[in-house]
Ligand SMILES: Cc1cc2nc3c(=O)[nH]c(=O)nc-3n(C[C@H](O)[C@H](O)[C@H](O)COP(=O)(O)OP(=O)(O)OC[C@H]3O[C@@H](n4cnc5c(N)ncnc54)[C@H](O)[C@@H]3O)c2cc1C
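Given as structure tokens, the chain that follows is alone and in the form predicted alone.
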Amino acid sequence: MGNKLTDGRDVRFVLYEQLRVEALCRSERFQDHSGETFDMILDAAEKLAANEFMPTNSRGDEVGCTWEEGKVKIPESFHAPFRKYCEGGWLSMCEDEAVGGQLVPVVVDFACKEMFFAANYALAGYMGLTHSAAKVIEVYGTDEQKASYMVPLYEGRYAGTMNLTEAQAGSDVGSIRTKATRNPDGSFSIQGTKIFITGGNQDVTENLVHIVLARIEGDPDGTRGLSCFVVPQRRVDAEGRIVEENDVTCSGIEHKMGFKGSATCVLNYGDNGNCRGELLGPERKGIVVMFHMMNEQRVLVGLQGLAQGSTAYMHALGFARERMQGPAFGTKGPEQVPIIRHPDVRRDLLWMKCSTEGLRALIYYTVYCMDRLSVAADEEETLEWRDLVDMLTPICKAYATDRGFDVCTRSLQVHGGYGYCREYGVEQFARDSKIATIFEGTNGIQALDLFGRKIRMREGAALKTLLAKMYGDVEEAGKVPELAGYADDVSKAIAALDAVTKELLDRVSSGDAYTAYSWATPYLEVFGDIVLGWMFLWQARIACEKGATSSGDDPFYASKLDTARFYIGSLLPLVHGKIQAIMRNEEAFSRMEEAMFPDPA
């Protein structure tokens, strides 16, 4: 793969050498595939991403989306690649053959999606939500709903959206006011307004299917009273033919910092009292149904953070190889050299390399766990893989998007003044990638999920599963003489994570929950730092098995070894300072009352 989207060699290293995905083909579910078919899929994805998606990215940012009289137009240049993506079967690639899929492992699907999101984030976003809408209908829908909506969604004839947020109900989902009223024919009349709806209206598909969270009249307040509904933009008859509009109107689109080719809409349901929806799943279980969609999206949003960081890094690397400046500090040589030889720039590039390669390993491993979950042989194995997915999901979403954004800003810095100019593209990556830290539950919400729910699941059993897996891999790496010291460093970091976890939980138990929760975001950051240390040690062991040395014949394996050494030796030690701050629990936070902050009025 020779492009400025991803490092194709690293993609294949994670898939084939770290995760050994070909072993999945021994299961009945994936038996029709092989490493050869996976390579063909990856090559086809690269071609589509590089030749069709990437050339439309800057133009989509320049023209953005337009709204007029309730209708949204997305950039015209997006239409052709959208259709090619759908016609190629990419939307349903990892699904069962019964719904038009090819049963490709999710981890291979994500490797392809990384390229699409790197090539054109806004355009690929329409496909991601469409798949999630189809999947939630596949899991919870009736046979009629599957025929009417799921099939055309997987085919890309319809597009899907997710509708939770309202003006007064962002992260506080239980405050939703959109209501559903029963009709004699079993349908529901939907009335309310949803905001920040990605792809809520557009002109590239013949219909949209909105997955809407609402409260049936008479049901209790809070999340326990919410139900989920399928609300088509245009109603369809029993044969699946579009028959009429459904009283769903778009009253405007947001004007944003970035992500401009993606229509972020305000949707009004039932302004004329004639919006019909169908119950999706059981009544008053809407939050359960919607979370099936949200959990898929959260890992996918983590991938989006990686993808934008990946292309930003590749652009910075290309620029640093070509940009002449000099001489390099601390060297004696020609007057001008490529800035990649300058120590501060090289350190920035190595930091970006660590970030993108570490995040790739983390996210691919998480979805690989999903694949292993889908072919688990017994209840014990099922529980193990589910624990790993549950624990790593909020880290994928929050840590990967924060790091991805940081990579984009550092890429801009490597470009210098050129990076601040539109012609070089990296300023768009920085603007676009920021949204990934905000939607699908802000990163603060992910930190609360990790600290408030995930580490306590089944009385801490899920956390123990993850820590045991990490310790096991560290022990194996420690048997390699070149890695013994680095394995000890990672082992100490994991032990420190375990200790600070117990400390924070003790504070909650002793009645200091408010202060304990104030450390949720730093705690997630520490967790992510240490998980990446585990990933790099794992990769370094593989590199050593391939005979890698810093001066070895194969520069790729040598780079994997030295990247791991740099991360574990130079970056991972910083977690001990972060943990020390959490353990110290400075009391200024609890003393700082609202009145002590300045009044902007």
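Predicted model, so just to flag it, every value in this text is computed and none were measured. A residue's number is simply how far along the shown sequence it sits, counting from 1.
Omitted here: the form predicted in complex with the named molecule. The next part is about that form.
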TODO: Verify the contact flag for residue 259: yes if a non-hydrogen atom of it lies within 4.5 Å of a non-hydrogen atom of the named molecule in the model of the complex, no if not.
DONE: yes
Open item on the list: I'd like to know if residue 442 sits close to the named molecule in the model of the complex, meaning any non-hydrogen atom pair within 4.5 angstroms.
Closed with: yes
Open item on the list: Quick check on residue 165: any heavy atom within 4.5 Å of the named molecule in the model of the complex?
Closed with: yes
Task: Non-hydrogen atom contact residue 171 with the named molecule in the model of the complex at 4.5 angstroms - done: yes
Task: Segment that reaches the named molecule in the model of the complex - one of 478 to 486, 185 to 193, 338 to 346, 444 to 452, heavy atoms within 4.5 Å - done: 444 to 452
Task: Residue among 249, 393, 264, 227 with a heavy atom within 4.5 Å of the named molecule in the model of the complex - done: 264
TODO: Heavy atom within 4.5 Å of the named molecule in the model of the complex: which of 501, 366, 491, 198 fits that? Just give me the one.
DONE: 198
